[in-house]
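What follows is a single chain, given as structure tokens, in the form predicted alone.
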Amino acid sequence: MNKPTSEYRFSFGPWNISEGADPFGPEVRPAFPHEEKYALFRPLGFEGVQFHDDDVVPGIDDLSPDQISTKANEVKTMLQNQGLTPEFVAPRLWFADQTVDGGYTSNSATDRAYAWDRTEKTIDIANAIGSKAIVLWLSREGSYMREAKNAKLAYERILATINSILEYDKNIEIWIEPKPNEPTDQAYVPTIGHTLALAYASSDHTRVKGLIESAHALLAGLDPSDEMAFALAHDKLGSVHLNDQNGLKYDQDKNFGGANLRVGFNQVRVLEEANYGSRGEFIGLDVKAVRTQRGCPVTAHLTNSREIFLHLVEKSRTYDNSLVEQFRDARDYEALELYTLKHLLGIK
């Protein structure tokens, strides 16, 4: 039995509001203070907040454990006052000098030690604000030239880090977010298949899952709905980052359904058929405002993506599965495609 659309829980990260920096020109719009963003979530229809460690505790590297704890508790109070749930916390391991050549897979033992220390702090912050999961986007765990690192050793180091996290905290879940490239030329964990291989090789695979971003799957030349289905078949889809992508370019974080509406429909259909969300999982969005969009705060890309998701939920629930089965049994895929397109277009 599918859930009512009102039962879906939605999340996004504070970086998704009003960040107006453009690497090829001036700032398009002013930044909006994080502390003021939390009051916007509920009115926009969102309950969950995605965090990086330094979203919770700015300047984390220069603070003592007590200072980190104090700031994390302040954010926890802010969230409680707004009725918000922290979905996850992720160590931001791609801006520090020590992580330019990778954190966990760096050739430098000092840099690897920094990455582990930052990860410990992230777990502590997650516990302090009441989050059950940390996300590992292994952004710089790769290389620009394959001879630069020992790849076998790099994979072993990633797995060792996962096991160290599981040992450090006996309750935390790890959600690995795969991406094939950017900022590295080629990443070591590019797909959900790589993610689940690491999960099953870990010391407690029940606490290691995947977080699938639509655009990341498209960048790998894969279909996001198939990536989601693979994780769901193993009961290892911790969360999703829904957005869209126009081809094999840089990571664009377009509005969900904005470039590939049928691809969006199939993601929703797969999630619906698996009853995703029935255990409290979030529909996470990772969408950015169009670079040239004016205003402050800019939020329409979030509400628009949520609205399209819910429209596609209704399209999924009114999709005639008995007719689809007839087409499948007859191997009449032309008829199936026409029916699907007409259904999405609202043509009887």
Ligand code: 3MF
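Just so we're clear, the structure is a prediction, and the values are computed from it rather than from any experiment. The first residue of the sequence shown is number 1, and the count goes up from there.
One more form of this protein exists, namely the form predicted together with the named molecule; it is left out here, but the text below deals with it.
Q: Exactly one residue in L271, A231, I165, A90 has a non-hydrogen atom within 4.5 Å of the named molecule in the predicted bound form; which is it?
A: Selected residue: A90.
Q: Find the only residue in K121, K209, K179, R140 having a heavy atom within 4.5 Å of the named molecule in the predicted bound form.
A: By the 4.5 Å heavy-atom cutoff, the listed residue in contact is K179.
Q: For the spot marked by V135, E213 and H216, is every residue within 4.5 Å of the named molecule in the predicted bound form through some heavy atom?
A: Yes, the whole trio is in contact, each within 4.5 Å by some heavy atom.
Q: Taking 4.5 angstroms as the cut-off for heavy atoms, does D53 touch the named molecule in the predicted bound form?
A: No - in the predicted bound form, heavy atoms of D53 and the named molecule never come within 4.5 Å of each other.
Q: Residue-level question: is E173 within 4.5 Å of the named molecule in the predicted bound form, judged on heavy atoms?
A: No, E173 stays farther than 4.5 Å from the named molecule in the predicted bound form.
Q: May I ask you to check whether W15 falls inside a 4.5 Å heavy atom distance of the named molecule in the predicted bound form?
A: Answer yes; at least one heavy atom of W15 falls within 4.5 Å of the named molecule in the predicted bound form.
Q: In the predicted bound form, does D223 come within 4.5 Å of the named molecule, counting heavy atoms only?
A: Flag for D223 set to no.
Q: At 4.5 Å between heavy atoms, only one of the stretches 122-130, 82-90, 256-264, 157-165 reaches the named molecule in the predicted bound form; which one is it?
A: Contact-bearing stretch, as computed: 82-90.
Q: Can you list, in sequence order, the residues from 229-266 that come within 4.5 Å of the named molecule in the predicted bound form, counting heavy atoms only?
A: Contacts from 229-266: H241, D251.
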